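Only one chain comes next, encoded as structure tokens, the form predicted on its own.
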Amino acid sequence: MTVDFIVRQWNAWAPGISCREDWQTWRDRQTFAQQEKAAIPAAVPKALQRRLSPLARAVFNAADGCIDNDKSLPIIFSSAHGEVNKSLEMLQSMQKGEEVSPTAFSLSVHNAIPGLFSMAYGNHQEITVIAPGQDGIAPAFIEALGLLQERHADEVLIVLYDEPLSDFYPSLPFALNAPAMCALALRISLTGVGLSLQLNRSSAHRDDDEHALQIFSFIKFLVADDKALVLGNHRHSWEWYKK
């Protein structure tokens, strides 16, 4: 499999990092601010703002920098763990005999953030939510490129996001954790002006950790002079090339 595509725009947020210049600096230092929340975009209705978790705020902040409010795009949301920390909090509350509200439950499921996003931006286009597990970020690109090749749209938005997990979850034998909360949005197309990339599948077996860590690898690829990025799991690998 070999596919050429264009990154028309990208935007990412992590604690203390909110613009490309910040990410250029991060590439060398790879440090993050502590306990910082993403700003909520002005387009989000106030009635929905109070429902946004810190992770949702990061997603909205990253995606808002890649969209035109007058044009809705199909979106691929991809997260290994989503709001699993909120699910854990509810389970712990239940263990204590406390009641869990239906609203809290609805905001903890894997498609909670995409649902809130579609409401906030009035997006009625196709929205796909992926939980790729150990397959990393590649499935989101495959899904988005499939929509483009099938002419479902001229452009598709990919949103990759994850946050550090509670210490309750073991990190071994899987690389479950992230160094910091992060959301990356990329608006891609098959033609147009932007960063030209090629995605190839390789049979090479390698282990580049899970989704949460691969997001940072891809951001570093975007801001660095490197011409290629290879990410994989124990079955196969994916290669992104700058053309």
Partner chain sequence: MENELKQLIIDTLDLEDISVADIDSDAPLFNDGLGLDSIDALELGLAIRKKYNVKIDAEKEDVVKIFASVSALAEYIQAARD
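Since the model is a prediction, treat every value here as computed from it, not as a measurement. Positions refer to the first chain, counted from 1.
Omitted here: the form predicted together with its partner chain. The next part is about that form.
A heavy atom within 4.5 Å of its partner chain in the predicted complex is found for exactly one of Q92, S101, S166, Q149: S101. Picking from 24-32, 47-55, 200-208, 65-73 the stretch near its partner chain in the predicted complex, with a 4.5 Å limit on heavy atoms, gives 47-55.
Of all the residues from 16-32, none has a non-hydrogen atom no more than 4.5 Å from its partner chain in the predicted complex.
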